[in-house]
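First, one chain by itself: the form predicted alone, in structure tokens.
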Amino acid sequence: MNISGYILEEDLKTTNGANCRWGFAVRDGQKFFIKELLSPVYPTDEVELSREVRDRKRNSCNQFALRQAMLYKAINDCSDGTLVHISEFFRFGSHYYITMPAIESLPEELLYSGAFVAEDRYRTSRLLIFSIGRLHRAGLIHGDLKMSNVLLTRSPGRNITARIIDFEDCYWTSESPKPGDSIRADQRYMAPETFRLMMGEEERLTQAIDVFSLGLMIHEILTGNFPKYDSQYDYPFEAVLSGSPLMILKNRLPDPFDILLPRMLAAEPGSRITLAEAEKYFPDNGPYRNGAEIDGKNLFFRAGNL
């Protein structure tokens, strides 16, 4: 199938009731990831609607398209390469599409493997703080940070690094959702205030929701697991909302993450450190000297030792 010059390798697919379909396509010899948004649907001339309804729906779609184009440009402008660039945003027929270069990622199991060595884990965690920090300085909130939206790859120097994807839930800080709005978030990485808003409480979501999610992700990257919490709760946000502390494995964390993560995972968003503040904890050259361990702390682990 040809979608505006993108030749699909196979039919687009969807997972977990998502609001999009996705797949891979080739254009001018280059491979792309392509995503079809299932909403909104642009009413083409073939759709039987009254002129008034068609005009109203088209106007709504045009406003959506303008907002998305501005959003994706802002993301591209603040990317240093870690935030995967959006190649194109366009409408084809009744649907909107997003394309970006296909990323050759490493197996997800690497996160839980000793092959992902301490220096790689530190570098990846630091990179995520700086990259999402650039997004925040542009006045944006990612809104759906989770490990499945981070692709582990190899740099030209063969070091393991990360690329961040999936910006469809990204929004400006001025666009904080209101009670009753549709919010998509992974419960495993959800900030407690996001859940409060979903339950209808008056809550203004800020960039602190990204900080909380990123804190969980970095703890997972550095130790292979989430912070521990009472087993009666299924998710970290449930424990936090119930007043049960997250037990951060500080003896497994290198400097300065042993200081940063408790502040990133504070229960109240106003008490969390900002990523701009977090960046100040990292010297330009990092803590490594010829591959040595970080301050004597060995981050190698096996899943059975967690």
Partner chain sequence: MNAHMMMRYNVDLVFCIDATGSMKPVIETVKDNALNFYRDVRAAMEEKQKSINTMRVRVVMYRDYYADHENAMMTTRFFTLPEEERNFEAAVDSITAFGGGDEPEDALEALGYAIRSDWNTEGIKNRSIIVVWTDASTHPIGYAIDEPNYPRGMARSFSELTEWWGDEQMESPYIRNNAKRLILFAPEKPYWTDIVNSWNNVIHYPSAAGEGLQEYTYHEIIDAIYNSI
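What we label the rigid core is the largest C-alpha set whose atoms superpose within 1.5 Å from one form to the other. A quick note: this is a predicted structure, and the numbers were derived from the prediction, not measured. Residue numbers count along the first chain shown, from 1.
The discussion below concerns the form predicted in complex with the partner chain, not included here.
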- prompt: in the predicted complex, which of the listed residues (27, 57, 263, 252) lies with a heavy atom within 4.5 Å of the partner chain?
  reply: 57
In the predicted complex, the residue from 273, 65, 248, 241 that sits within 4.5 Å of the partner chain by heavy atoms: 241
message: Can you tell me which of 27 to 35, 65 to 73, 233 to 241, 253 to 261 lies within 4.5 Å of the partner chain in the predicted complex, counting heavy atoms only?
response: 233 to 241
Contact of residue 269 with the partner chain in the predicted complex (heavy atom, 4.5 Å): no
message: Contact with the partner chain in the predicted complex for residue 103, defined as at least one heavy atom pair within 4.5 Å: yes or no?
response: no
- request: Verify the contact flag for residue 184: yes if a non-hydrogen atom of it lies within 4.5 Å of a non-hydrogen atom of the partner chain in the predicted complex, no if not.
  value: yes
- request: Report whether the minimum heavy atom distance between residue 109 and the partner chain in the predicted complex is within 4.5 Å.
  value: no
- prompt: Along 184 to 212, which positions have a non-hydrogen atom within 4.5 Å of the partner chain in the predicted complex?
  reply: 184, 185, 186, 187, 188, 190, 195, 198, 199, 201
message: Core superposed first: is there a CA shift of 2 Å or greater at residue 180 between the shown form and the other one?
response: yes
